[in-house]
Ligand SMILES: Cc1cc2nc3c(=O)[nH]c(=O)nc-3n(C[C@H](O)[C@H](O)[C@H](O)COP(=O)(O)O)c2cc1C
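To begin, one chain is listed below as structure tokens, in the form predicted on its own.
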Amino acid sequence: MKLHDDALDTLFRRARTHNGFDGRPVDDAVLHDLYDVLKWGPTSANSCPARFVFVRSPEAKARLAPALSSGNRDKTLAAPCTAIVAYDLAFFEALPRLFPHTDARSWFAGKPDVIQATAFRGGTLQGAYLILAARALGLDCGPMSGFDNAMVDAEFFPGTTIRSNFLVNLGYGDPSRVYPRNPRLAFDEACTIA
């Protein structure tokens, strides 16, 4: 069933990267709803490698602040919530439960290059699902890089197999803080039909 234009506008055509929010909090129930939607997006062998830290408290924001680039610091600290989108390099340990009909764990165990590629790819996909799910649930997003991954990993994931990928500020956007829409590549510039 094709989505109505309103839904496509919400998810893509009219959705914008937000640099400021109106101050309303993003409560626990919304974050639970967000994960309960995004978790259904496909990943290779249902591997679900993404891990998310929802940074909301002043204490957690203070831990994140030193890792932020100067261009991202103020807007991130002011956002009601910042999702650290990460991936777990030990994701394959859950495959007996997540992909039980075959020994998918053996596809990864002892293969660091395959583990890294699959974890990063799947975690990135799940981060994109987070953005779409957030928009579908009425949140606005400000995804970004522009931070020190090693600092974030040391602060939020010490001694683990989890690595940060990118950040997404979440909240209810302030339209006055949105930059003008930038162009996109045309079909013929980005696509080939073979």
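Since this is a predicted model, take the numbers as computed values, not measurements. From 1 onward, residues are counted along the sequence shown.
This next part talks about the form predicted in complex with the named molecule, which is not shown.
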In the predicted bound form, does residue 41 come within 4.5 Å of the named molecule, counting heavy atoms only? no
Residue 75 within 4.5 Å of the named molecule in the predicted bound form, heavy atoms: yes
Does the named molecule come within 4.5 Å of any heavy atom of residue 24 in the predicted bound form? no
Can any non-hydrogen atom of residue 17 be found within 4.5 angstroms of the named molecule in the predicted bound form? yes
Heavy atom within 4.5 Å of the named molecule in the predicted bound form: which of 144, 55, 34, 152? 144
Can you check 136 to 144, 58 to 66, 152 to 160, 44 to 52 and let me know which stretch has heavy atoms within 4.5 Å of the named molecule in the predicted bound form? 136 to 144
Since the partner is left out here, which residues of 96 to 112 would have a heavy atom within 4.5 Å of the named molecule in the predicted bound form? none
